[in-house]
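Presented as structure tokens, the chain that follows is alone, the form predicted on its own.
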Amino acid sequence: MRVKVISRSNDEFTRERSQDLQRVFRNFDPNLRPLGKAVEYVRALNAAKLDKIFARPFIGAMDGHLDAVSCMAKNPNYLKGIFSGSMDGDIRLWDIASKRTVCQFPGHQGAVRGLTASTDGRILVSCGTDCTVRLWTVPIPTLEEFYSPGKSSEPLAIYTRQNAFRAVDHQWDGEQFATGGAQVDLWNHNRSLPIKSFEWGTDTILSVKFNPGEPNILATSASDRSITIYDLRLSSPVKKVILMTKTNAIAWNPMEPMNLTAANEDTNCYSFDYRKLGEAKNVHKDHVSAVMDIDYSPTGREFVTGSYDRTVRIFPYNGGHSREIYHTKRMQRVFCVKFSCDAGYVISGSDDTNLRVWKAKASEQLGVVLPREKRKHEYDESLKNRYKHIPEVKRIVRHRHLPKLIFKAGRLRREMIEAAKKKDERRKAHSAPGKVVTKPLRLRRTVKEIE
């Protein structure tokens, strides 16, 4: 007769220190736990509900401007600093942690339309409707030591041209920056005249952005509904695509530098591969009014948009719909948005003269997170991801409270799109086969590509 004996060694179960956790052996055979899936489903449901309970995205507002905030820029050398410019010519450097002004840069006689900082964070470049480009020295990062209320800075240099400027951007690696207005001008810190100028048409340039991976590639959008690609090594523009409506802002994906996303006047955002501008890679919908500004997260996995409909939305880089929407009763038209350099926060500037700071993840816990809490959050996220297709979990995760005006405008827009779709289907059904060709939205919004 064979007898089975359970034998255990004391060395495997004895703790070396009193603080050590007691070792436990577990059998993960699913047959021993017939209710394991049901328990996990309930945990996923509770995790989705707790996310809604703890969703407090708004952190605070930074008040100080006397007119609408028109543009913003991040300081690459200092995590907590952000620059903002307003329609009355005021430029400020803010400390996000303390929500106060560190330094002011007075001088512009009209609206400030563009701000950008050099790669080392020491030079700030601003441009505006007063036809000037100004270079400023940025205070050193130890902001607390040098803070004094009302402190201001004098410009290092002032460059004047004949036409107003609408946008400016600095190279990611180098000493050159580009401005947009009646034409695209390429500047150097040490020269008072542009090194090079580009023209393609006679319309106003609305936004200028350098490619993060290739310092000599530049993208612009103009009021003639075009998006143009420039190569600084050539004497003329490379290519451009004309859309059905104009593009207000452009942002490059920092992790995939061949891709750019355009914030369009038709309430959508369009992602393009700049090597093939004739077709959009993705269409990002949800806004109900013109999208005014866009900025990518440093991770490249999502981007934030600000719209004329008074909302801020966060989209996944490859998703058609937003994962988050932020709004307040007092926030007016949003003209500029930025992700913080650590991808943890979103800053928005609006028509009501305020800058607002939001959490990138609405239910994220601020402050010190213990290792045990971190593991719990990661476990909850994995559960929600596993059961995201279940209707009840999906409904809770997707639900957002919207202002009545936006809810009604969104419903009206969906009805109009559905009506147009039905009209196309009926026209196709009553026409000869092949006569009516329905293009997808990714192709429909593009008029033509010119090289």
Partner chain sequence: MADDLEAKVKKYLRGEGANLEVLNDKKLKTQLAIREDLYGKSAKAAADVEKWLMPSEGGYLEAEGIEKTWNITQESIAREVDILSSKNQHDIILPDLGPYTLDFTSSGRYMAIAGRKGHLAVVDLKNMSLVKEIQVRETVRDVVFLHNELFYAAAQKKYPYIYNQDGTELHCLKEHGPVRKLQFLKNHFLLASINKIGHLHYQDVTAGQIVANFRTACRSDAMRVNPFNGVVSLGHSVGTVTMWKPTSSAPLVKMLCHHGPISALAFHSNGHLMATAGRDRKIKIWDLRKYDTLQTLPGHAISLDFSQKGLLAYGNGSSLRILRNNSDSQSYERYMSHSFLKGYQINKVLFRPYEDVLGIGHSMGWSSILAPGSGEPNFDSWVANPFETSKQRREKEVKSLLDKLPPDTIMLNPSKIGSFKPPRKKEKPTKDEREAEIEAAVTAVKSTEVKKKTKGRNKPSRRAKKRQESIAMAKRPFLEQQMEEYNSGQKRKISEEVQLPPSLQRFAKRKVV
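Remember, predicted model here, so these are calculated numbers, not experimental data. Rigid core (definition): largest C-alpha set, two forms, superposition within 1.5 Å. Numbering follows the first chain given and starts at 1.
Keep in mind the form predicted together with the partner chain is missing from the figure; the text below concerns it.
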Of these, 365, 119, 299, 318, which has a heavy atom no more than 4.5 Å from the partner chain in the predicted bound form?
-> 318
In the predicted bound form, the one of 400, 49, 56, 37 near the partner chain [non-hydrogen atom within 4.5 angstroms] = 37
Counting only non-hydrogen atoms, the one stretch of 400-408, 57-65, 386-394, 413-421 within 4.5 angstroms of the partner chain in the predicted bound form is 386-394
Would residue 14 sit within 4.5 Å of the partner chain in the predicted bound form, counting heavy atoms only?
-> yes
Taking heavy atoms only, is residue 22 within 4.5 angstroms of the partner chain in the predicted bound form?
-> yes
Is residue 18 close enough to the partner chain in the predicted bound form to count, meaning some heavy atom within 4.5 Å?
-> no
Consider residue 429 of the chain shown here, and say whether it contacts the partner chain in the predicted bound form, taking contact as heavy atoms within 4.5 Å.
-> yes
Check each residue of 1-27 against the partner chain in the predicted bound form and list those with a heavy atom within 4.5 Å, in sequence order.
-> 1, 2, 3, 4, 5, 6, 7, 8, 9, 10, 13, 14, 22, 23, 24, 25, 26, 27
Any CA movement of 2 Å or more for residue 15 between the shown form and the other one, core superposed?
-> yes
